[in-house]
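Presented below, as structure tokens, is a lone chain in the form predicted alone.
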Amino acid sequence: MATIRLSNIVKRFGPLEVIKQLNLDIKDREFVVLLGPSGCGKTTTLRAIAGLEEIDSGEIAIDGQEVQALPARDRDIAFVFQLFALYPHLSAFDNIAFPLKAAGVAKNEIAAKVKEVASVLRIGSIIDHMPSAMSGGDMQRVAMARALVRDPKAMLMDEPMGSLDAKLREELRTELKHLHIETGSTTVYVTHDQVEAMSMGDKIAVMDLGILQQIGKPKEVYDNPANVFVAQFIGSPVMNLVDCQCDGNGDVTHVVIGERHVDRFEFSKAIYEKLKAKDFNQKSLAVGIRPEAVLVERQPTNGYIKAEVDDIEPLGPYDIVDLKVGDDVMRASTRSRYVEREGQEVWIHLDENRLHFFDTVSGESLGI
């Protein structure tokens, strides 16, 4: 297996800079997901690691050896594309065996390796099938087996489940995670699907406009977003973000939302003290809160403020409820059918331990 280090990577397509001074360390046997919207540079980064794209500046090192000048064939990297790219005239066995045959590996060794990787990916029953007789999920498993069969230093995957239906995606997410654990391969996986990223990655590297916004374990990125972009890209529904003003009054912190300055939440004094320590600007302050941290009561409750139900989205075990609070709308996650109808009055508060404050000019989190 391998470590991968990207240092100050820059890639341009004409005047467009699609990767901007990217620095990223991927440890041996780590599963790192490059996550971001279309056009953010994640696939170009993956192709640069593989040697399918030349970089304009910077260094790419695999196991400590700089490889940016090496052609793709000399980097010992396996690449799985979104489109299966199987040879239609070859069986599953021959598709998987192709890179070994091209390398002149002995027939008995090829048979043993194909059998081994087919067992890991649970495709032994279709090993003699032609691509035309396979499902989309089977074809993707065969494509992954072809990449794994030669024991590459690292595995690169570019949205390999993008063309599959929801059920197959869910099955393959689990299988890919088990596969990574069993093989111990260093894996870099590209997706725009946050569910894939959160459920599969040891770490998530969030990108936007060619810039690495944040990297960390899934829980770290979700619980402590570095900026507004990460806060609202990770999580479904997205984090509520509302302009606010804060002041300290005695033993409490008042967080006032809305232009009329009528709706105010009360929290402990510690919140205001932390904000003062960050030298925050009232004119560019926003409070962020995940929908599951918006607390909803159907009866007036001490410390809660009144809100009106604007919309209810039933999702089976829970509901997503849009709440009008003054001039703003906040989304809350409640248990199913807890809120009965649109127009209903409820009372809400925010979980103090899960508050986030952002500078709306820079977009950066204040780290509170």
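So that there is no doubt, residue numbering starts at 1 and follows the sequence shown. Small disclaimer: the values here were computed from a predicted structure and weren't measured.
The following text describes the form predicted in complex with a small molecule, which does not appear among the structures shown.
Asker: Among the candidate stretches 300-308, 337-345, 66-74, 40-48, which one is within 4.5 Å of the small molecule in the predicted bound form when only heavy atoms are counted?
Answerer: Among the candidates, contact is made by 40-48.
Asker: Given that the small molecule is not shown alongside this chain, does H192 nevertheless sit within 4.5 Å of it in the predicted bound form, heavy atom to heavy atom?
Answerer: Flag for H192 set to yes.
Asker: Taking the shortest heavy atom distance, is Q82 within 4.5 Å of the small molecule in the predicted bound form?
Answerer: The answer is yes: Q82 has a heavy atom within 4.5 Å of the small molecule.
Asker: Since only the chain is shown here, I'm wondering whether E159 would be in contact with the small molecule in the predicted bound form (any heavy atom pair within 4.5 Å).
Answerer: Within the cut-off, so yes.
Asker: Taking the shortest heavy atom distance, is L355 within 4.5 Å of the small molecule in the predicted bound form?
Answerer: No, L355 stays farther than 4.5 Å from the small molecule in the predicted bound form.
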